[in-house]
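Shown below, as structure tokens, is a lone chain in the form predicted alone; questions about how it binds or moves come after it.
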Amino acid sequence: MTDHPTIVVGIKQVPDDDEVSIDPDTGRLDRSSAPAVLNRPDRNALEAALGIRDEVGGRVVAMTMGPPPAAEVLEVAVAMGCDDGVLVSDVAFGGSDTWPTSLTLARTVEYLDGDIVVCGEETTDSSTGQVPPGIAAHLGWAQLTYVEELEPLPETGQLAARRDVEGGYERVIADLPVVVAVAFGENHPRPAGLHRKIYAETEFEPVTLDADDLGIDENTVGLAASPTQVGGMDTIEGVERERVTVGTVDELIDELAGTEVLP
């Protein structure tokens, strides 16, 4: 690990999942029907990144991709303690699925000369969890997913992680540079201090980057370059469950007789 690592945190503005709906004609989220907020798992990513800086120093830069209003989530990140924020915005990126999005964010990490990338486990508007591994693939970096805890190892230039695995956990050590996906809810994001909030709202100005800044061929991003397409959507009607109340074990056995439980 370098003496002053640059830690880049990927965050996203998403529709509030408590109020979001789906357009029945397109099968896509109706983003206009819900207020825009910071993706909840990204708060865990921000806390993990700030925790690394607390231990080894360096700087934390938040990056987000979207139209100009998406810069609002950068203010949240700066209020929590990030040193800077970058908005990646260009009409050429419109309609990008996770693959060209990962490419764009990877080029942003290179632009920022990042050493560590930290992301949330997934976004609440798509829930694919594909972007962090996609960034690692485009960069050719190691990746740590489903991370519960992080431990910087500055003596060896490595990052140790406790990963959630089915039925337990495992401890993995990766050389830098590395991409980390933090599991949702695995730490306690710090609250924003008053002075940081005032700074973020009144003085902070994000750096804005477009495709030209990042050296991206516009034919490699956007809807036309996205291999994932929504093929359609069906609405499933709920089925009323049958309920039977029994008063004794014998009655229960009688009810189950002849079923898959008691053939």
Partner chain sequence: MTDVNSEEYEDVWVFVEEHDGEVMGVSWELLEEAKSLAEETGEDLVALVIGHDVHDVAERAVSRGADRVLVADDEVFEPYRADPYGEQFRAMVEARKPSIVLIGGTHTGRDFAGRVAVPSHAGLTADCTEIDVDDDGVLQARRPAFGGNVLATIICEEHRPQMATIRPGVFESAPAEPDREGQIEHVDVVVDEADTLTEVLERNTNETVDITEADRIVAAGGGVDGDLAPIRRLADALDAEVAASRRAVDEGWIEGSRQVGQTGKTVRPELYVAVGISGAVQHLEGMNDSDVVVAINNDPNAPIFEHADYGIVGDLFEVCPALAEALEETDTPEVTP
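Since this is a predicted model, take the numbers as computed values, not measurements. Residue numbers count along the first chain shown, from 1.
Not pictured, yet referred to below: the form predicted in complex with its partner chain.
Using a 4.5 Å cutoff between non-hydrogen atoms, V165 counts as a contact of its partner chain in the model of the complex. Although the partner is absent from this view, H138 contacts its partner chain in the model of the complex, with a non-hydrogen atom inside 4.5 angstroms. Although the partner is absent here, A192 sits far enough away that none of its heavy atoms falls within 4.5 Å of its partner chain in the model of the complex.
Looking at F93, you'd find every heavy atom of it more than 4.5 angstroms from its partner chain in the model of the complex. Partner contacts here mean any heavy atom within 4.5 Å of its partner chain in the model of the complex, and among 233 to 241, 46 to 54, 61 to 69, 195 to 203 they occur only in 233 to 241. Screening A36, A225, L214, V207 for any heavy atom within 4.5 Å of its partner chain in the model of the complex leaves a single hit, A225.
Taking a 4.5 Å heavy atom cutoff to its partner chain in the model of the complex, the contacting residues in 150 to 178 are R163, D164, V165, E166, G167, G168, Y169, E170, R171, V172, I173, A174, D175.
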